[in-house]
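Taking the form predicted on its own, here's one chain by itself in structure tokens.
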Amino acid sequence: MMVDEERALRAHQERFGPHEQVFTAPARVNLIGEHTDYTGGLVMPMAIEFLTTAVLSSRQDGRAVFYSENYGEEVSIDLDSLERTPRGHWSDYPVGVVWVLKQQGVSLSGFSMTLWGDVPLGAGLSSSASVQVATALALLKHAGMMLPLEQLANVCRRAENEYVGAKTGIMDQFVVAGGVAHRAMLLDCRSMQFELLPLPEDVRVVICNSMVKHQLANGEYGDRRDEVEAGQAVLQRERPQIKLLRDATLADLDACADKMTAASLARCRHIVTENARVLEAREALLQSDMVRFGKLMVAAHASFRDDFGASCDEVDSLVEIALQQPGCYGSRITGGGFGGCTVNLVRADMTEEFVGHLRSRYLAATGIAADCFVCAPSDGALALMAAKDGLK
């Protein structure tokens, strides 16, 4: 049993008594393919070993009680009278899952749930999807149900979009639920088809946290999505064969440039070129060509910074320092933007040196001590559940 689970079980026992269900869900990092998912595009994420644990037991008063061991707070709601009332609070994420399940006709009786996780918050590693997927699995088991991967991911996406109000796509929830150890996932966010791709054994994924936190439910992230959707609407109107931005080419964008704002044109250009980079990155992985993959990451960061306008000085500094280090194939921002983490591909035998130099030089440049994590692709929540069931 993981230490993460032990703490959650102990906290639940002390507060609510014996447990009935325990589910865990990982975090994720996206290697390449940023802000493409909500326009039916291509992404290449992987699940990583940070975890959220949800522990559940029944109660008889018709209430849903959530306790966060991370925040030391409890929230109680009446299941029969639950409406969409987000509070801008950690509880919106699990409560949003309850709201969506009830909207879909799932009958839920009263329960107590303890949540505990070690996913860094506001770092672009999808702590919210980790909470949502762990919560959804526990609640579905409580209701005597199970959903396939795509439907499970969609429940959690709806919770984030429709209850919390964050305009994210399906990528986070899909890979958090469906990731597979030792593999990156190439996900087509239109068809929901995916391919599992191996990372070379002599490469490590290093995540570096700029320590600049972002919040996706409001602010500039939502503005960027609005700009993308405005540009997409122009393309759909002027080019009827274009159903989603995924279908557009740079030639289509150029032809419609005078009919959209400069901001929409730039945001859409990032997404069109990013989809092409994801496909090229797939070929690079299949050929174990990390030099090529790294160059694509660098190009992706430049596009995210310049066309999408969603990086920040601290993250740009992390990328610049990383690319100066021996053994670093590539570096880019990962996540929604405006802070958070970089993802770096590094030669395995130079990882320790890379992390040491990056942290010291970033501290000297910014006065900020960055957290760095060496990660490998891990199992998603469904695989973790299957492995646990197999041990019983």
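Start at 1 and count along the sequence shown; that's the residue number. It should be emphasised that the depicted structure is a prediction, and the values quoted were computed from it without experimental measurement.
Below, we turn to the form predicted together with a small molecule, even though it does not appear here.
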{"item": "Candidate from 330, 41, 45, 335 lying within 4.5 Å of the small molecule in the predicted bound form - any heavy atom", "value": "335"}
{"item": "Contact segment among 85-93, 163-171, 196-204, 285-293, judged by heavy atoms lying within 4.5 Å of the small molecule in the predicted bound form", "value": "163-171"}
{"item": "Residue contact check: residue 33 to the small molecule in the predicted bound form, 4.5 Å heavy atom", "value": "yes"}
{"item": "All of 28, 37 and 221 with a heavy atom within 4.5 Å of the small molecule in the predicted bound form", "value": "yes"}
